[in-house]
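Shown here is one chain on its own, the form predicted alone, set out as structure tokens.
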Amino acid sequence: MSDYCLSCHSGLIPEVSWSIFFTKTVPTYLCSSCENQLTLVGGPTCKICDRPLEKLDPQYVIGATCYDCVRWEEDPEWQSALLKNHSIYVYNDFLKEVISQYKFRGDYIIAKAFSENIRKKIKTIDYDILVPIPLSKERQYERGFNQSEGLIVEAGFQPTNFLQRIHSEKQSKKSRHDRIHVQQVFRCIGSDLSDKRILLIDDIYTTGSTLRHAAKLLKEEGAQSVSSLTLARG
């Protein structure tokens, strides 16, 4: 447990009750004010990308699938590349700032704030290997760490680096069309993936392009299935 909130840096005041003598205490890394600004993904969600459906216009929901995923699945090149994405939080303004603090300001310790929920979520998913989405060598040098790998490690699991990024231009600067039609951004550096169930880990799901590029490559290399888990769903 930290003595201060990893987001706003205010002091943390532990809650004292009889339960602390009988139950295992979960470490606290965010104050109640910051914790309350996080919104868990819940309610009806897209069966493929986990996007909350309640706020979408009904015309963009087909059955239990959002229109974006319908378009992905209608494209023969990408059909069934990504089995299922799981996300923990809605990507709201507060989480956007926290992730920015984590990724771009080198505040690695923030990964601990999400470790318990990531650990719980991973345990609900069937997989054989956890694979973090890699950064380019330039990006990793700038940041000092890979944020996706950090989320795995701080949750108490072992990452396996089966992917290497070969295209360093930021995906966030591109339109959806450009993200989909860009050349493959990864190469596989892993050993035998035959019949393995891969769980990709990344910080944010936005268009799903990065995860599908990785998933498509891993399936071409023999993976049985590729799912993903992201901290946030944009």
Partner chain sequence: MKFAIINERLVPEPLLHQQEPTYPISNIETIPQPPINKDYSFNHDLQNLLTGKQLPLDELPYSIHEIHQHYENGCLIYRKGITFQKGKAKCERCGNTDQNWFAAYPCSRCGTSCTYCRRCLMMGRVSACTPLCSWSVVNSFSTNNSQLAWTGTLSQGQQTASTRVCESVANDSVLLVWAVCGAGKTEVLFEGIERALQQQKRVCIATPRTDVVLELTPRLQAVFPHIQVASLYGGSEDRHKQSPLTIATIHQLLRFYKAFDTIILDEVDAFPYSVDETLQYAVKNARKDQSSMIYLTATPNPKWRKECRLGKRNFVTIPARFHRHPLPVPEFVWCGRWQKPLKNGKLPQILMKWLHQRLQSQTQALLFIPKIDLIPVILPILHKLHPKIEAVHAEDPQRKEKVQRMRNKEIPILITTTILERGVTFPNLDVAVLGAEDRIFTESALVQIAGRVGRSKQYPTGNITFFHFGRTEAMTSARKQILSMNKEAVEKGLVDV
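Positions refer to the first chain, counted from 1. Just so it is clear, the structure is predicted and the values come from calculations on it, not from any experiment.
Note that the form predicted in complex with its partner chain isn't included here; everything after this is about it.
K.L.:
According to a 4.5 angstroms non-hydrogen atom cut-off, is Glu142 in contact with its partner chain in the predicted complex?
P.N.:
Within the cut-off, so yes.
K.L.:
So in the predicted complex, is its partner chain close enough to Asp128 to count as touching (4.5 Å, heavy atoms)?
P.N.:
Although its partner chain is absent here, Asp128 would stay clear of it in the predicted complex, with no heavy atoms inside 4.5 Å.
K.L.:
Any chance Glu73 has a heavy atom within 4.5 Å of its partner chain in the predicted complex?
P.N.:
No, Glu73 sits far enough from its partner chain in the predicted complex that none of its heavy atoms falls within 4.5 Å.
K.L.:
Is Arg105 one of the residues lying within 4.5 Å of its partner chain in the predicted complex, judged by heavy atom distances?
P.N.:
Yes, Arg105 sits close enough to its partner chain in the predicted complex that at least one of its heavy atoms falls within 4.5 Å.
K.L.:
Heavy atoms within 4.5 Å of its partner chain in the predicted complex: which stretch in 118-126, 155-163, 91-99, 134-142 meets that?
P.N.:
Flagged stretch: 134-142.
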